[in-house]
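Before any questions on how it binds or moves, here is one chain, the form predicted alone, in structure tokens.
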């Protein structure tokens, strides 16, 4: 199976988007649950119920995170290299936050000490909330352009700072990301727990959904009216060998909206985000927890593809030198590498989906306080 180089570049842009959506739906689910742990669990048994809704699945969900990261490294090595220069401390922050999750899950209930357990509850909250917040901040900075450029021997140089990443628009994007993950986690808890936890989760679906809608609308308005986008005015052939500095790019007002006017079908992405959030709130209030979870999954899909389609074909725009921006056409690996990866993805991604589906099917149940008390030494 051999595809032409130009088609493979687009296919891998689409596949990485799908992997990021898979990560947001699967790993975002348990991150959302972890973020809500200290707030929806009012007693130790209730908090153990919350933990055990994702206990059998959270480590398997990490496959999506690892796969998405590996795909970016292999398909877009230039993006991987440049992003580590600019986002190094942010990535370390995510990494150290993630350390709290496996330790917290495994050791939180080992000691029957309220202080020990309460400390790990907040540790799990931090380890679950910080990554989606940082990922959203990263996307906010991408939309504004990242301060990097290439020197004469094609080394990427980052000229910004960690604190510069925490600008107002990026923090708003982080709020969008965190709200959509919390919304998804609350929907999962409404589906997998009994009262009164399910009722509290239902209330959180409404709150997180309204925050998401307001923040997503504000971010879209900000992009439309206050952030200049990037536009390619002279490009190399898309099937040519990737050279990041071989094009001409300008910064123009409204450039991030150009794809939506040229290809109206792309408007389905932001409309899906808004509509799914509204439908999730309505389904939750009607007690339709399964539909609520389905709609919150669509929120992840709509939000991620809204960001991707707004920037398309840009992946990492450069504010230092716009013509050094990285796009899906010139930041890719070789034709052979993309083709081998595509064959591997066709084989293994369905296996991952099938295994994940089987895993949830076999272990699907409503977790109750009675179950936790009866299996106090077996459950998390």
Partner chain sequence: MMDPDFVDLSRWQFALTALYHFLFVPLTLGLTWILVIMESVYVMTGKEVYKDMTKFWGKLFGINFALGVTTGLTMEFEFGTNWAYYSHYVGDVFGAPLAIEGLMAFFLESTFVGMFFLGWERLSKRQHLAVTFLTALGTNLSALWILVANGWMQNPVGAEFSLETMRMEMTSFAEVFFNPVAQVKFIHTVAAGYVTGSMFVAGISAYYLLKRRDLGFARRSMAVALGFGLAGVLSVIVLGDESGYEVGDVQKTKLAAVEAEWHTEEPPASFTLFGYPNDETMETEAAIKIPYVMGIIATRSLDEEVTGIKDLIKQAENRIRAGIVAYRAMTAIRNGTGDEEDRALFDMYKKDLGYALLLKRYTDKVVDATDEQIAKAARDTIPDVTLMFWAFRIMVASGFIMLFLFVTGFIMMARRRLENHRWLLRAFLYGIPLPWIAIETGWFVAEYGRQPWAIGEVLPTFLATSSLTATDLMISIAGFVTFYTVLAIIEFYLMFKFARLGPSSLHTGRYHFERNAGTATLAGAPAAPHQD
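Positions refer to the first chain, counted from 1. Model, not experiment: these values are computed from the prediction.
One more form of this protein should be noted, the form predicted together with the partner chain, which is absent from this view; the next part is about it.
Only one of the listed residues (258, 155, 234, 207) places a non-hydrogen atom within 4.5 angstroms of the partner chain in the predicted complex, and that residue is 155. The partner is absent here; in the predicted complex, the one residue of 218, 111, 164, 267 having a heavy atom within 4.5 Å of the partner chain is 111. Remark: none of the three candidate residues (250, 291 and 295) comes within 4.5 Å of the partner chain in the predicted complex, counting heavy atoms only.
Heavy atoms within 4.5 Å of the partner chain in the predicted complex are found in exactly one of 218-226, 164-172, 239-247, 139-147, that being 239-247. Within this chain, residue 41 is remote from the site of the partner chain in the predicted complex, having no heavy atom within 4.5 Å. For the chain shown alone, residue 323 is not a contact residue for the partner chain in the predicted complex, no non-hydrogen atom being within 4.5 angstroms. Using a 4.5 angstroms threshold between heavy atoms, residue 356 counts as touching the partner chain in the predicted complex. In the predicted complex, the partner chain sits beyond 4.5 Å of every heavy atom of residue 314. If you take 333-349 and check each residue for a heavy atom within 4.5 Å of the partner chain in the predicted complex, you get 333, 334, 336, 337, 340, 341, 344, 345, 348, 349, in sequence order.
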